[in-house]
Structures are given as structure tokens and as C-alpha cells.
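First, one chain by itself in C-alpha cells, the form predicted on its own.
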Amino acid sequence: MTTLPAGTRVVVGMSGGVDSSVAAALLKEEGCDVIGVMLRLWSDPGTQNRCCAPDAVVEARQIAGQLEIPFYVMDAKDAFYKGVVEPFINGYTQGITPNPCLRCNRLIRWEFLLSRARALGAEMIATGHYARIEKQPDGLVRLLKHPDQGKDQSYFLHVLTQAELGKTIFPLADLFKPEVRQLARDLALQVAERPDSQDLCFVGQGGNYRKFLRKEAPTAFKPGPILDPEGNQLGEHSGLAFYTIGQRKGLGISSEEPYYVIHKDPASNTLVIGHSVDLGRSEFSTRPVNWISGEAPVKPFHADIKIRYQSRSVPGLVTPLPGQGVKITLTEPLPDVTPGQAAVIYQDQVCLGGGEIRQEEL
């Protein structure tokens, strides 16, 4: 699994779920000096953040006790709110659709956790993410896709740097999810059958982010005109935060041919809708781009581009731009190129990096 010397101190980010629990167990079995850490994150008052809910804390603590490793719950609420929640609110206010998990990975699950790991005397951190790290002869590390393509999480990890990846272990790098659950059963870990959580963690049960935003960013729900591509008004929307690019349902406009959201203009509070022929973009820019190698390319190159975690990769041309950005030209238009989401760049199995899709290019 790894080539760490016996006794290497490793802090494992634990969530009370099966993946992080098995990751901790594998490192302990390998002879590492394992410490379990759960980060206590901010949640909307009156709700519980599912990443650190009381039952998750109890389960993580029980797993740590079973593995006979130390376990700490560390307060990251302020850092999480400032680094993740505030930009999420501001993004919707500005008419984009942010992905808070990306900022959480970079600022909390790596930057914050690494600082706390150093305070505990740990040399490395580990998580239950499904991705691979490959060290090169020159000392650089590459981020690779996981062989279980249905679980691969390299998309979410494109925000990491050499310094962070160089201190990271992914114990599940070569394991498929059914194998991870079977290992948990073999180890008699009570979380073996715990389902995966995919909803937004800080807005309460069900992940109702619109209810959360109504309270935190009421200006994002100001009614405005719905226009067609020619500028004709077709109706009125109830707030730009209700809509995302490519959305078909909930527009309230009757037509023999379905309408889709093709653009949001926060400056004029306008929603633009069109038919399928109007949907889809093949050119956009991302800025800034995090290059995992630490070096930005200087010439255009061909790569595969992924614009959503669950979307398929599409071939395209990546052209460097001044100011740490790139222009991406896809070989085919995609219907859900959405400002605020990330475009992640791959060559074969290697994740090169990625950046936020910009509003001005749409």
C-alpha cells in the first residue's frame, strides 16, 4: 500500500464513515503510528453538519478505540465558515454556482488538517479518498485517477499542491468500494454498511441549500425577467439562485419544445432560456488554474476536460492565458458549462489541475 517506514506518525482525517475507518485500519496494520482526527465544522444554526454530527463523532471514536489509536476532535468551525460557507453565499449572490467541496478540500481537509498534524508531530496525513499519488524520480508527485472510475475523486483533489500531496497518503488507492466494505466487515467495524453521504454538509438534513440561501442571501432571490436569446421577455423568475445552467424543470414557461436555462446575468438579474439548439458551449475560460506540477504550461496542448464530478470527460484544447488562466475549446459542446464549477484537466490517468469556470466568458 505505502512504503512508509514502520512507526511513521500519520494523522488520518476520520469522518465516522467506512472509507476513513478502513484507511486508518490499513495504516495501523502496516505499522504506522496512527492518530485519528475529526474536524468539527460549522453548520447552519439549528442543524448538524453531517461530516461531524454527534453520531459520526461517536462512531469515529469507537473505531479509534477498536483500532487502539488516539482520537481527537478539533474545532475548525471558524475556518470552515470563512473559507467555505462565506464564498458559497457570495457566489450565489453573484449569480454563479459554486462548489464548496473544492474549497473545503484545499483549505480545511488539507491546509488546516496539515497544520494540526504538524502540531501532533505527524509527518503525513491520510484520508479515505479514492485517488492515487505517484512519486516521480525527480521528487515531484502526480495525482492519478482511481481505478474504480465510479468512485474516482481526483476531480475534487485538483486543488492540491505539491507540498500538500507530498505529505498525503491515500490508503484506498488500489481498492474498489466493495473491497473496502468487505475489509470493514472482516475487521468487524460497525460502519461497514454505513451509506455514503453526498448532500451539502452544512445546510442540514436533505441538503436544502435554497432554504439556507433564502436566509443568508435574500438578495439572491430577487425576482427578475426571463428572456429568450433574442431578448423577448417570456416571464419572470423567482431569483437567480433557484436556477442552474442546463436546468429544464421549474421554469414556469409553457412551450411545445422544452426550454432550458442557458445563461444567468446577475448584473441585470436576468435569466435567459432557450431550446436545446441554444444549449451547449464548447469554449470557456477558467481562472486561476492550479497546476499540480507547480508549473504552468506555456503552449496550447490537448487534454480531456471534466466540468462536473459526475460528468464524462471530453477532449479539448487547453490554451494558456495571461494571469494564470486558460481558454478551453472542447471538441463538442456540453450543455452544463456552469460558472463557479471547476473544469479539471486530465491527460490519460493523470490529473494536471483545474480552475473555476468564469462568468464573463459565457
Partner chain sequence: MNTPIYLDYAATTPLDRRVISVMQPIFENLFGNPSSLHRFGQQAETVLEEARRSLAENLGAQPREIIFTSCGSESDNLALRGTALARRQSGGHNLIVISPIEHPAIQVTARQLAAQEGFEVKTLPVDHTGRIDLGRLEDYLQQNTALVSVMAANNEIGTLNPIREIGKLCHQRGIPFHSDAVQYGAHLPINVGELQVDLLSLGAHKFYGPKGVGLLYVRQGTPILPIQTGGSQEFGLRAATENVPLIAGMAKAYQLAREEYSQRSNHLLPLRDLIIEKVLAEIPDSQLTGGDLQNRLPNHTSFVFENLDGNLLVQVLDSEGFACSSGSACKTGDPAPSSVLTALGYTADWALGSLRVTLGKDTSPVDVDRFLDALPLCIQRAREAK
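Being a predicted model, the structure only gives us computed values, none of them experimental. Residue numbers count along the first chain shown, from 1.
Here the subject shifts to the form predicted in complex with its partner chain, a form of this protein not shown in this document.
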Since the chain is shown here on its own, which stretch among 246-254, 67-75, 138-146, 170-178 would lie within 4.5 Å of its partner chain in the predicted bound form, judged by heavy atoms? 67-75
Using the partner position in the predicted bound form, report whether R118 sits within 4.5 Å of its partner chain, counting heavy atoms only. yes
Proximity of V318 to its partner chain in the predicted bound form, heavy atoms at 4.5 Å: no
Can you work out whether I305 and its partner chain are in contact in the predicted bound form, taking contact to mean some heavy atom pair no more than 4.5 Å apart? no
Is there any non-hydrogen atom of L330 lying within 4.5 Å of its partner chain in the predicted bound form? no
Contact residue in the predicted bound form, from V337, I35, L27, C51 (heavy atom within 4.5 Å of its partner chain): I35
R9, R40 and R61 all contacting its partner chain in the predicted bound form, non-hydrogen atom within 4.5 Å: yes
